[in-house]
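Considered here are two forms of the same protein chain, supplied as structure tokens in two stand-alone entries, structure 1 and structure 2.
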Structure 1
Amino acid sequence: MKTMEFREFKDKLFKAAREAGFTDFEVYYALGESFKVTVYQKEIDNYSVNVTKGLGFRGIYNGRMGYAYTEILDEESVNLLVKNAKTNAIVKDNDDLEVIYRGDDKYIDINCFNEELPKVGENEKIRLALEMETMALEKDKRVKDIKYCGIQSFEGNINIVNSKGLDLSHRANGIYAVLIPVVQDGDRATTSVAFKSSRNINDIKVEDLVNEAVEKALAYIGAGVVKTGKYKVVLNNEVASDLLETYADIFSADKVQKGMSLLKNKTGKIVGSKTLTIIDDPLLENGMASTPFDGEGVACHTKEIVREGQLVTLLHNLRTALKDGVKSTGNASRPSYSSTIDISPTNFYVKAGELDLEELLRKMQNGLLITELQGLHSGANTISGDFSLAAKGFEILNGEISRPIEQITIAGNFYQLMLDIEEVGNDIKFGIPSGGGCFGSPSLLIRELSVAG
């Protein structure tokens, strides 16, 4: 489907929507291409090249917003979209006002598309993947196998066009590399993950990824357990950003309004320690979730969510903002044409402090350094804030790494954890972006967590 065909489809759809009695309406059209190669034992293992498109329609009928989507842009879909959106608007009985947005005067132009990236051939990406596997296997004889070694790239374009005259488009691309080596230690195996995401292929430094992955996996060899009890803990940057991602929903005004977050009536109050500042930055240069406008077409801006422990604002879309009598923060999310409008952060991160990881460990003196968590999707309850998670890491004695530990759990409550951050490191690192944003954090020193061993 060419862009002209999208325009033609949109015109037909808008005409049908108006005739069906919709007062305002909008289409969200997304086109995407992706490429992935994984290698195994010096050969291409899996290879995929994909093209997708989809169109989400929403419109106001009798004062309520109805949604429908399709992946086929034909005559039948025009009728189906209008009919389904209308039925869905009728079924809905939420009185919250939803609006189709007229648009802002100004959108900050940020470049999320690297023109050089599409010129990189598939052979080059395959070569990188093969090189990464070979280097990882040669790096250390204890590296017995590679569980995953792959390169992925994508490019996407979205259009939001509505009956109020809004007509926006945005395109982005990117490339990822992921490596998971398997290290054998007697009859026990250990894995680790190293990844890199960027818009520039030159940032994919195979040697760095191999060193990182192999060193991480080797460091766990001979891991034991620690005694059950309470410990001071340093969460390394990857673990801290995973936790932030898991609990990001508590900052959503929608979740707060629906009683699913304990941050109700907390705006302006202290929710974290003095050392904690959390920023949502949609305009971050090279940010993998950067965007000039949100899912409703509201212009995005950079803002502090938590400033030195104080909750400055929740994340809003137009509906929640209207309900709270504030302005939208430009965090309406539409991860796909098949989703309704929700709220999510963009590039969301804990502001860096001054100490590096070694200094954090020295400051802690005795405790645990946690470098891997498992079970975040099940062992972390975003509504209560409680978490109890399988973990790996190192025991720290007198400020130094003493030995690796595994088969332990760490347990606590995220709301309490924000208050218990004693020190924030300077080693900020972003994780792999998902539909819900891209999350980053430096390593964090936590006063106390419960540990089972």
Structure 2
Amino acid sequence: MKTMEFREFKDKLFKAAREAGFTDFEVYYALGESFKVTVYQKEIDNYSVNVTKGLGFRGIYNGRMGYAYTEILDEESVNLLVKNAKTNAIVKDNDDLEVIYRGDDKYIDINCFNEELPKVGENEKIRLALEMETMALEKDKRVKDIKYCGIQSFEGNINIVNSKGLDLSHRANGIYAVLIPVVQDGDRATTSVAFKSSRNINDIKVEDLVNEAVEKALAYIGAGVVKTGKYKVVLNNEVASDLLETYADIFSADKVQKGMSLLKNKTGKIVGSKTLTIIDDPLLENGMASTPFDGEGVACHTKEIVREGQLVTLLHNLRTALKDGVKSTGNASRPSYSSTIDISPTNFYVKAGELDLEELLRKMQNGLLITELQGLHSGANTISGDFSLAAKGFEILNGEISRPIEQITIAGNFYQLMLDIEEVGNDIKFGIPSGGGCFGSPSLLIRELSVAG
């Protein structure tokens, strides 16, 4: 059957939806392309190019929202989408009110697409990956292997068009590199991770990544354990960012309404120390999760979620906002055309303080600098906030690094940790972007955590 262009398909779909009895309806059309290469022992280990294209349809039938999606834009898909969305609306057992959004008066114009990046050929990306592996192996004779060495790039375009006159489009692209060398010390091996993401391939500086990854791994040589007890702790920027990402869902209004977050009835109340401010910034310049509008077409804006310890707002989409009697914060997410509406942060980060890492360590005097965590998916309870995680880092004596440590476990509770932040560093760093946002944090000085050696 003959396929159609998006606009022609949309017009036929809207006509069919109206005739079928839908009162309001919307299409979410997404085009995406990604490239990934990993290398091992000077050869390509994994290589993939993925192209995705699809259209999600949702509409209100008898007061309830129904969803359906297709990857083919033809006459048969028009009928199937209407039929499936209608069935979905009828059988739906959720009484939450969902709406199709009319749109805002103004959308901030932000550029998230580098026109030069698509001109970078696959051979150039493969060359970068091979060069990164070679340089890492030659950097130090104790580098015996490379656990992971890869380059990945992506670009995508989305359109949201609905029966209330909303017609929005946005496109974005990016590239990132990850390197994990293996350093051998006698019969003990250690690893470390270095990564970089950007919209400009010139920001992927291979030598800098190699130096960072290898020097970090070498620093763990001779690592020991510490006695079990309670310690003052500095979480470095990468560890703090990982923890924030793991527990970001506690700020989702949907999780709060479902009883899966302890922040219920805490808006306006103190949930963190005076030094803690958490920001969600969809308009962040060069932010890897920046966007002018959310998955429902609500205009995005920069906002403080926690301001100097006080919970200012939860993250809302239109459904949760209606339920709580507030305005949407523009955090509706729709990871793909086949997804229903959810909630996610955009560029979500802890606001930087004034002290650099060395000054944080001097302020702590004696304690632990934690630089890596493991088991975040299995050792962190995102409902209670409890965590017990394998970690490594350095013992700090008199404000200076004394020795590397590993095979320890740090345990605590994220809600309590927010209250126990004594100082925030100035070394903010963002992680690799994911479908759920991009997370960043400076290093954090924590009053106390339990540590098992």
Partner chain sequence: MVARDILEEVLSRALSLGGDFSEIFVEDRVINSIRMVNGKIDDVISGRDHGAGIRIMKGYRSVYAYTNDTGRTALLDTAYKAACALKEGEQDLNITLTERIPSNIHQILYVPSSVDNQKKATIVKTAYKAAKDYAPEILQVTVGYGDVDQKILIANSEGLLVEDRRVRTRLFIQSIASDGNENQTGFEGPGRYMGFEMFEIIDPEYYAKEASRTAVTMLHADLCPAGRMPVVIDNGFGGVIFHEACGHALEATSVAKGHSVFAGKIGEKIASEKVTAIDDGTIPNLWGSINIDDEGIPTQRKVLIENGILKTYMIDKLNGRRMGMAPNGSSRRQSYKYAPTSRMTNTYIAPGSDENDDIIASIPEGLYAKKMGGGSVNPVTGEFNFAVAEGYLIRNGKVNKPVRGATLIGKGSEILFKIDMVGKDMQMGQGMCGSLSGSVPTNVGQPMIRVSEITVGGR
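Sequence positions of structure 1, starting at 1, serve as the residue numbers. For clarity, a rigid core is taken as the largest C-alpha set superposing within 1.5 Å between two forms. All values derive from a computational prediction rather than experimental measurement.
Between the two isolated copies of the chain, the first is the form predicted together with its partner chain. In the core-superposed comparison between structure 1 and structure 2, the C-alpha atom of residue 71 has shifted by at least 2 angstroms.
Core-aligned CA deviation for residue 44 between structure 1 and structure 2: 2 Å or greater.
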